[in-house]
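The chain below stands alone, shown as structure tokens; this is the form predicted alone.
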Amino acid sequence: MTKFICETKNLSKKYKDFYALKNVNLTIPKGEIYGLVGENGAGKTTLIRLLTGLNFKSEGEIILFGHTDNLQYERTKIGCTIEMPALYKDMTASQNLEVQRIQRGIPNKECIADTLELIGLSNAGKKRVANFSLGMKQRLALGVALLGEPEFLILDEPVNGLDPTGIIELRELLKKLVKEREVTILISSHILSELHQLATCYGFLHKGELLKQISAEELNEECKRHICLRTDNIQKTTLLLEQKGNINNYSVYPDNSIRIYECLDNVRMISKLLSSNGVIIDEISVQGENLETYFENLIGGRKNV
């Protein structure tokens, strides 16, 4: 049975007559990197603030680590960065982490050095945060979230402003946390190309509604370029593809569609082959897209709702 670190049931946040979130049903399995996808204003930060207790829900239920009660205690297992957290600019990285450690009542003082090493700031020395690059500030913000060795890490737009090298470093660090420390991560971003290289499952949020949840494997399959084919006779179609078209790289789906992963530039040949042998074609088209296009197509029918 899958163990969920975080679940929501019909979670909503309403401001007067406006729903920032509406009936969100979210499930985040243990050990996954959950990519929360949505344009600016979709409700990503609102959802994160509800999960972390920084705001109050209007309706619905939040389940953390399998519990619905005493969420204040369960949230002590969460590390979080929402946008850019406040850092003491006149202090060093070590001093910033020490302040956070004391405020949160974390007894193990050695965790400061361990965290600095983990986030790659061990050599920052006496350099003040005011003189840090944006990438160093982002790593320090992550270090604040990692104090106390959280089981669940929530990151809101963590790659904003990072250069390509900083993004790669952050990506590798997050993968390391999952692999070596079994941390579960929720990461929200509108930079979809980066999420596509990191997330193991996704949730697509639009105008406060969770439109879809999907695994990385399922998403890659849906985004993979292919010829989508629907006919009146699946068995005859597959026989013709194999025996007369010499096409073997295809899959038949439960919705009675056939996806062909070869001959993408020869749709006319497939159409002629089937039609000349009495097969009625209901649909034949080349499909597949990158994550940006997938999301645009997903929300396309909701834009005017």
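Every value quoted in this text rests on a predicted model; they were computed, and no experiment measured them. Quick note: we count residues from 1 along the sequence shown, nothing fancier.
Same protein, other form: the form predicted in complex with adenosine-5'-triphosphate, not shown, and the subject of what follows.
With the partner removed from view, the residue among E157, E194, E74, E209 that has a non-hydrogen atom within 4.5 Å of adenosine-5'-triphosphate in the model of the complex turns out to be E157. A heavy atom within 4.5 Å of adenosine-5'-triphosphate in the model of the complex is found for exactly one of Q243, N40, N70, S275: N40. This chain is displayed without adenosine-5'-triphosphate, yet in the model of the complex the stretch 44-52 from 44-52, 23-31, 275-283, 260-268 comes within 4.5 Å of it by heavy atoms.
The partner is not shown here, and in the model of the complex the stretch 48-79 never reaches within 4.5 angstroms of adenosine-5'-triphosphate through any heavy atom.
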